[in-house]
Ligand SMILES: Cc1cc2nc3c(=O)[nH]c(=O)nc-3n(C[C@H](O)[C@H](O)[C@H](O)COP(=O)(O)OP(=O)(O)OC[C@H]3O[C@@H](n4cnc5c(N)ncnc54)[C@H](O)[C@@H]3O)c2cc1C
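Form predicted alone, single chain, as structure tokens, below.
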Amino acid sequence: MQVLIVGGGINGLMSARLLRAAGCEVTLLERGDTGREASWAGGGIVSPLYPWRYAPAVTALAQMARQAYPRLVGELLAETGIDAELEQCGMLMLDATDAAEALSWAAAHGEDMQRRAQDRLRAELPGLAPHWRQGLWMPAIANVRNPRLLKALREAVVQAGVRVVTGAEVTGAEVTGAEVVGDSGRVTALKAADGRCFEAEQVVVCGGAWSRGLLQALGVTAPPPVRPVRGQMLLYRLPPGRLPCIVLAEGRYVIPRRDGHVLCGSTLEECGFDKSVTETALLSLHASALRLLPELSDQEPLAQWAGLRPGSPDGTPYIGRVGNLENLWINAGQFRNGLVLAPASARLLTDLMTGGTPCTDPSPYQWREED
């Protein structure tokens, strides 16, 4: 089976990897360079933030993906020599107003979640600001260095025989069998802005925040409501080990890296496809960082950047066939959890495309126009 994947972020690369492993001939088209949009811009936490607040469909994928990550990172290291630095550092969530609901959710889903009283917070995290009263601790949560993960995935899929074409902006399609309104048809080829044409038996849109526009360009009249949501981040540096775990409060977080870098994020901004960074976000994120780690007060951020998440109404991604074209598929709309869910999202897509037993019930991820 020949497969064209449009979009070279985490979901496009993971889908290419698994479809290739299933025996498909895969070509991946990316309008820029692979892994340089939201997948690169995020923090790399291998868990949804406040995971109990998400729909069961997100939880199902998140739990599968978290179990898959250690093997994935190990395989990529063996195949490419690139260490994506998966660190099971744990995640501490401070002063959650719905802690009782969180603990009930954890018990129901077999998740290790523990209360932390204020005195224990001080003892275990001496650099933490003193005003936080309590915490919820999830020791199994990890983070991964997402730029290195993306680099490793790119190299691995190329080694596996995936054809990766960058600078290929898809602008349209050749379609047969859909001349009558209401009839299903097939995409026979995708057209690029520079005039190139790419043929395939199956087409998968993994375009992140751009997926809705891509589907419209391919002739889907009512595509899923995926929209861009900007997130801005800051980067600091502390001595390695100074911040031992992910800390989350009031929707903002700090994430430690192995070499002492600390990421602070992130904003949620509805501003279309504008990826610029702003002084307002810098000041807001810096203030959030200081509320968590006062020792950052004498530091200027080393860097600031932004990415566009593929927003969906409740954070549940769209995975499966889409539109009235029988060979057109989607894997997009993971919102804040693209990297979190990627191994499981790609597994479900691959199962559906190759006729395997789905790894989870696919119905919650299917787009229905009446939705």
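Here the structure is a predicted model, which means the values were calculated and not measured. Throughout, we count residues from 1 along the sequence that is shown.
The protein also exists as the form predicted in complex with the ligand; that form is not presented, and the subsequent description refers to it.
Open item on the list: Would you classify A38 as touching the ligand in the predicted bound form, given a 4.5 Å non-hydrogen atom cut-off?
Closed with: Residue-level check for A38: yes, a contact with the ligand.
Open item on the list: At 4.5 Å between heavy atoms, is S288 in contact with the ligand in the predicted bound form?
Closed with: S288 lies outside the contact set for the ligand.
Open item on the list: Since only the chain is shown here, I'm wondering whether S345 would be in contact with the ligand in the predicted bound form (any heavy atom pair within 4.5 Å).
Closed with: Output for S345 is no: heavy atoms all beyond 4.5 Å of the ligand.
TODO: Check whether G43 has any heavy atom within 4.5 Å of a heavy atom of the ligand in the predicted bound form, and answer yes or no.
DONE: G43: contacts the ligand in the predicted bound form.
TODO: Counting non-hydrogen atoms within 4.5 angstroms of the ligand in the predicted bound form, say which of G135, P223, G208, P256 makes the cut.
DONE: That would be G208.
Task: Contact stretch among 5-13, 18-26, 346-354, 359-367 - heavy atom within 4.5 Å of the ligand in the predicted bound form - done: Comparing against the ligand in the predicted bound form, the contact stretch is 5-13.
Task: Complete contact of V170, R309 and R336 with the ligand in the predicted bound form (any heavy atom, 4.5 Å) - done: So, yes: the whole triplet contacts the ligand.
Open item on the list: Going through 227-259, which residues have a heavy atom within 4.5 Å of the ligand in the predicted bound form? Please give them in sequence order.
Closed with: Stretch hits, in order: G231, Q232, M233, Y253.
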